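Read the single chain below, which is given as structure tokens and is the form predicted alone.
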């Protein structure tokens, strides 16, 4: 009889649940305190004072009830104590007026008490409160793993968290193919779920100019694919405001002086080689670069850069500057004369033009410029406050020079890679013998038309080490990274699966770092179960993330491993 009473008491105090709450990105410090607390029927989130935190509190309270999350990834069951009822989450923010910008404090402390009552979220800024709300939402799951009944529980824990890198972004190219505003906003939502904080808007390129400038409306009027495929002033403000509400900075890039052929639609006299077949003069079609010596062209550049920096509040502005083809400029008699008179190379004309633009951005417009690494890689030297976005060389190349670096190594972070070619009239796909041969490797293990094949898997992305080659003696540092979604073969119909979940793999390394606090390297093996479940949770939140394995694997742990775990 005594045993039965004791057993009944234990049943009340303890419950066997899928207790391994799978948080993503993994916080810097998590202390599980061994209880589950049921959310009360009138659970509320209180204390928010900043307008964005108020909106987020309502949004997340609605999300956790709608989501009613049941973990898909099977993990070992664990016995937890039954806590009390969780009545509220109280938010305390020290600075509700901090500017969402480079270096803003995003740290937070989240505590869900073991005995229920009131959970607390404290943050130094309102941006940190947004990050803490995302973590809290992931702590909440359906009671007993059952959607029916609508009861929710939160596992008790104390979480202390902050990002490893301050710059955690996605580059979205809206020139090659156009994305409706709703797709950009959904991308920002997904970024916020993954604690990413930068959308690098590569707004224009040689193929189209969809971005409206009040100072030069002719650029989009003549350069956009259509009137419908244009971002109006209202659209631009909507995107900036939406990003602000999710803690995502919108950093604009107007790439130049290359990647500008579409300017020729409205200002043909500003261009060089725009009338030539692309292959000898550009990285991809069409050819055409701004004339660096044309006074009116340079006036246009200053006009649009001024308007861009006034429209976008971020302290960083991306000036572009990649993939100059000097063979294009060398066709121009004026440039030939200029280089001869000044005893310069054509590349040095590029370096001079870039120096003038960076000085204008820094001195006149009071912004910090970002440039692609190309002019530095080719020999140009610029002020150390210029941020370098590296995509070819190791980032240590530039931290050693004293520059801060944003990492976008093409061999890890270019999400367009591995989808074959897109240029027309390409007979390399013809395989006469329909089998690999010495004269046909293109279709058999080769690039298949993709210059940067193979496809960059989430595992490869996760394996990148941002600290590799970075020495304490370097005067520059790694600000963080960006995945690049170049859009030659991507558009609104496929944007979600191209970005997600691969971007989530990078997001964890941006936020949590390549190493844990004990100095242990984060591995694909260790992250797998959290990552697999996160894919399903993103899908449940309306992000059409690409499946990464059969669902069978999530419901049968280790059954899909490459190596037999029992043999280890």
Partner chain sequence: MKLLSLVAACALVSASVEAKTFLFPIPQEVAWSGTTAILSKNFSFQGIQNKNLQKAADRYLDLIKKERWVPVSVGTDNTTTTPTYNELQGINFQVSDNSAKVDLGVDESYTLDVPELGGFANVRAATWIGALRSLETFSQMVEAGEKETLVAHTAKINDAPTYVHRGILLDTSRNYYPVKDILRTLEAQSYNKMNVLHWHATDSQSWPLELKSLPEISKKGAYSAKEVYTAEDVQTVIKFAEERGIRIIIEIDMPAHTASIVESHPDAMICTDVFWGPYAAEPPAGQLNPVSDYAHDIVKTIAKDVSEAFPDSVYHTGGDEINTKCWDLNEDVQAYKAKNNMTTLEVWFEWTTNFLEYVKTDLKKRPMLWEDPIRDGGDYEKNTIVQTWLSPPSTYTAQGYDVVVSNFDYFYLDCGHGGWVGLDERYHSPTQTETPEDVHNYAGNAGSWCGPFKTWQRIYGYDMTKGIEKDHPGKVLGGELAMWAEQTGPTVIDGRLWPRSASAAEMYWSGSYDRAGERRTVKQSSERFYDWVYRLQARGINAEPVQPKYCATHPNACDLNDPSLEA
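Since the structure is predicted, the reported quantities are computational estimates derived from the model, not experimental observations. Numbering follows the first chain given and starts at 1.
The same protein has a further form, the form predicted together with the partner chain, not shown here; the description that follows concerns it.
- When you look in the model of the complex, the only residue of 423, 181, 344, 283 with a non-hydrogen atom within 4.5 Å of the partner chain is 423.
- Note on the partner interface in the model of the complex: the residue among 213, 486, 165, 464 having a heavy atom within 4.5 angstroms of the partner chain is 464.
- Judged against the partner chain in the model of the complex with a 4.5 angstroms heavy atom cut-off, the residues 494, 525 and 560 are in contact without exception.
- Segments offered: 444 to 452, 325 to 333, 239 to 247, 344 to 352. Contacting the partner chain in the model of the complex at heavy atom distances within 4.5 Å is 444 to 452.
- Using a 4.5 angstroms limit between non-hydrogen atoms, residue 548 touches the partner chain in the model of the complex.
- The partner chain in the model of the complex comes within 4.5 Å of a heavy atom belonging to residue 435.
- The partner chain is not shown here, but in the model of the complex it comes within 4.5 Å of a heavy atom of residue 532.
- Proximity of residue 225 to the partner chain in the model of the complex: non-hydrogen atoms within 4.5 Å are present.
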